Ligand code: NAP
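The chain below stands alone and is given in structure tokens; this is the form predicted on its own.
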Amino acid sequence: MSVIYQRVALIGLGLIASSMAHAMRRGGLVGEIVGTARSAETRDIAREVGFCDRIVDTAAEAAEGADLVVLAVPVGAMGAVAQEIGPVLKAGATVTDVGSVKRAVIDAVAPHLPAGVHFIPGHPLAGTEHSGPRSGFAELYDNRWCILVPNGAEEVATQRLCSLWQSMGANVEMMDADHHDLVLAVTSHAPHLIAYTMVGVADDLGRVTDTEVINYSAAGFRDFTRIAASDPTMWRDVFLTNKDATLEILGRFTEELFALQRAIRTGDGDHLFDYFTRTRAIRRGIIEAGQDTDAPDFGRSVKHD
């Protein structure tokens, strides 16, 4: 593979960015990787792991002279980072992000970017329950989807970023920002909220002790609530910035749940059987599409910003 970008700046050095660095190195896709993170401890760990060529102290220093700048920080922090790097971005550079929400990111970032800079929001649908610079690995994006939002950027810039993601192993889909936010409310945001809620229910149920929840977690509870181990800051920002779509899906979920409650209460076995048969078929479709493959030694792959 040939070099796609000479210099890439990674702003934020958690699971997603560190995995990008490992994948870019695996394929020889970039000339230089410059990284930074808000925490000095994170920067020190990244230096120790060595997935970047240089680690610098500020976002502006990382972005200066970069051909591609990747915003891998919580959604709520992206506007401030964009404001910091805007003055140092070179003409023709591309700025992208890896956030789980797209409309709010566009609204927060775009006003701070100068003319001549391409802004192409992105969202790799990959991750694990692990976080931090030590958790990254090159295979994270293999056969996973990455959604790009062209956002009016020039075709050549969009295709260049698309080529990078494909060369890192991902399948790429172009999508409108608002449609992305609705799709992710269904496939990621609402499920995470429900998982957090189920853990809270278990914690609040006085007749079931914490020890029993831990010791006797059957596969259903353990697997379903695994995603509740995800980063609290990230998910706080996701729900605050994608609230309309999430509330719409939660409303639909509540209606479905009420229908199932009624079927259980009235003994309507036919309704339950038909419902479970239909939803099982959808689940099997996910498996057949290859989106339920476990990542070796790193836990099961789940959406993570």
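Since we're looking at a predicted model, the values are computed, not measured. Numbering starts at 1 and follows the sequence shown.
There is also a form predicted in complex with the ligand; it is not shown, and the following applies to it.
- Residue 171 falls outside the set of residues with a heavy atom inside 4.5 Å of the ligand in the predicted bound form.
- Residue contact with the ligand in the predicted bound form: residue 231 places a heavy atom within 4.5 Å of it.
- Although the partner is absent from this view, residue 54 stays clear of the ligand in the predicted bound form, with no non-hydrogen atom inside 4.5 angstroms.
- Using a 4.5 Å cutoff between non-hydrogen atoms, residue 126 counts as a contact of the ligand in the predicted bound form.
- For the options 149, 93, 98, 108, the one in contact with the ligand in the predicted bound form, meaning a heavy atom within 4.5 Å, is 98.
- Proximity to the ligand in the predicted bound form, taken as a non-hydrogen atom within 4.5 angstroms, holds for one residue of 185, 164, 89, 75, which is 75.
- For the ligand in the predicted bound form, the listed stretch (171-179, 221-229, 154-162, 117-125) containing residues with heavy atoms inside 4.5 Å is 117-125.
- With contact defined as any non-hydrogen atom lying within 4.5 angstroms of the ligand in the predicted bound form, the contacting residues in 34-57 are 37, 38, 39, 42, given in sequence order.
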